[in-house]
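Okay, so here's just one chain, in structure tokens, the form predicted on its own.
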């Protein structure tokens, strides 16, 4: 096994940072050998079979082409839960876990009804359903592969999430939405001109539909979702966004103009403006 580890380090050197390589090595051996982190540390004298060596080399070859490890392995972890990860579906990010945690911490309702717009892998919807007891969670997306993946991830985590197709920009197909207490969305928010700043493994492999917006309409999804929320959120309902750090103030101002209250812009673990929460108070201030 020591020889295998040394080989991986050599093959990936210069492509990934040393820290990334060490993380990838563990993930590879977790996949190939089924090792826990403790086993990985203790069993380094064990020899690899020819089949295991072949699988390891195939994974490393794909990593050298910058393919995301989550797609190679077919799974990932989010908020302490397992999720299928497939090409065509955005890979969950650690920063989004902070958004989920914020929603869970702020929720005071015994049986909230939640809608996740642009659900992707379903990581937000499934995590909220798993952690907010007696919640009703709905999740929508325009992509059929995202819808199917979310359903699989809900089943994987033994959660009941209602998943359906819906294009938020065009309001189609027609859906009879229930009254909602919470709306959350991590929509596309990277401008086309920001592509030069995007890492190769993201730009070449992850779905553009889930990432990019036109340069002249950076808030297109936020504006449309805010309009949708004005119609479908209950009095005192909460709207949560993950946002482009460059447009925090603009998002806050847009929500203010549309009549949302108690707007809070929140920074993530990297000290970037990344999340916004606002309330829709239709009948004056509500004690929440």
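What you are looking at is a predicted structure, and each value in this text was computed from that prediction instead of being measured. Positions refer to the first chain, counted from 1.
Although not depicted, the form predicted together with a small molecule is the subject of the following passage.
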Per-stretch contact check against the small molecule in the predicted complex, the hit in 170-178, 184-192, 73-81, 135-143 (non-hydrogen atom, 4.5 angstroms): 184-192
Listed residue that, although the small molecule is not shown, lies within 4.5 Å of it in the predicted complex (heavy atoms), from 104, 109, 86, 211: 211
Among the candidates 99, 90, 117, 161, the residue which, in the predicted complex, approaches the small molecule to within 4.5 Å (heavy atoms): 90
Exercise: residue 148 in contact with the small molecule in the predicted complex, heavy atom 4.5 Å: no
Proximity of residue 242 to the small molecule in the predicted complex, heavy atoms at 4.5 Å: yes
